[in-house]
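Before any questions on how it binds or moves, here is one chain, the form predicted alone, in structure tokens.
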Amino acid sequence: MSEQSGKAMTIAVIGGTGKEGSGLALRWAHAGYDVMIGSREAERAAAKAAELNAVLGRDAVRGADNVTAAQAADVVVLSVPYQAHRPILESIKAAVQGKILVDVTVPLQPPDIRTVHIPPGQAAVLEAQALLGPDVRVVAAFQNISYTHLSHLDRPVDSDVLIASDDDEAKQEVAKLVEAIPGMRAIDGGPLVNAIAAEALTPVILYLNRRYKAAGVGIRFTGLDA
């Protein structure tokens, strides 16, 4: 696979044993990317990788502890509960220097996950950038994608994905990851601070799912030529 296709890169999904992380890992492996699952326990990561490989019908996903996975990756995707966000970032900080880190985390506050919570740093992704430092190219994306759609490889994911970052080149690289998943459309959402809106939208979506007895409400922006 060529570098120009974007599919020669290695993606580490930290928190890849969870529903959202494993769903994204499955989709990217299906699209041809080299994917690693990261977990605090390497055995759990290996077990989830084996599970995804069984779905794919080939060995396309590997498992490792979080630090090893982050070290081996070109792009690191963080999909963890907000309560684990800071300690996991601290554990992989050295491993992600100079890389793109895509933060999927939403600052939900169980049990009231359908009410917007603004964290001390205004957004989980802004807290990530502050903790990791300027040499990590932090991008916010995928906060509003329901895991319920990701595990069905035969179905497109009918949703737009807002991408926010202060690094335009990093946004373009993440847009390739978005559009590698059939049905998804990448939307440039502006600077990293705009991720406050994307993160805050997730509890609203969770509320809509319950209020209207829906499974995996998504977002679409009208009036765009993109």
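Everything numeric in this text was worked out from a predicted model, so none of it was measured. So that there is no doubt, residue numbering starts at 1 and follows the sequence shown.
Another form exists, predicted together with a small molecule; not displayed. Remarks below refer to it.
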- Task: Have a look at Ala72, Ala84, Leu153, Val116 for me and say which one sits with a heavy atom within 4.5 Å of the small molecule in the predicted bound form.
- Result: Ala84
- State the residue from Lys176, Arg185, His30, Arg44 whose non-hydrogen atoms include one within 4.5 Å of the small molecule in the predicted bound form. Arg44
- Using heavy atoms and a 4.5 Å limit, would one call Gly218 a contact residue for the small molecule in the predicted bound form? no
- Even though the small molecule is not shown here, does Val80 get within 4.5 Å of it in the predicted bound form, heavy atoms only? yes
- Task: Mark Ala123 yes when one of its heavy atoms lies within 4.5 Å of a heavy atom of the small molecule in the predicted bound form, and no otherwise.
- Result: no
- Message: Please tell me whether any heavy atom belonging to Ser39 falls inside 4.5 Å of a heavy atom of the small molecule, as the geometry stands in the predicted bound form.
- Response: yes
- Query: Even though the small molecule is not shown here, does it sit in the predicted bound form so that Gly15, Leu108 and Ser146 each have a heavy atom within 4.5 Å?
  - Reply: yes
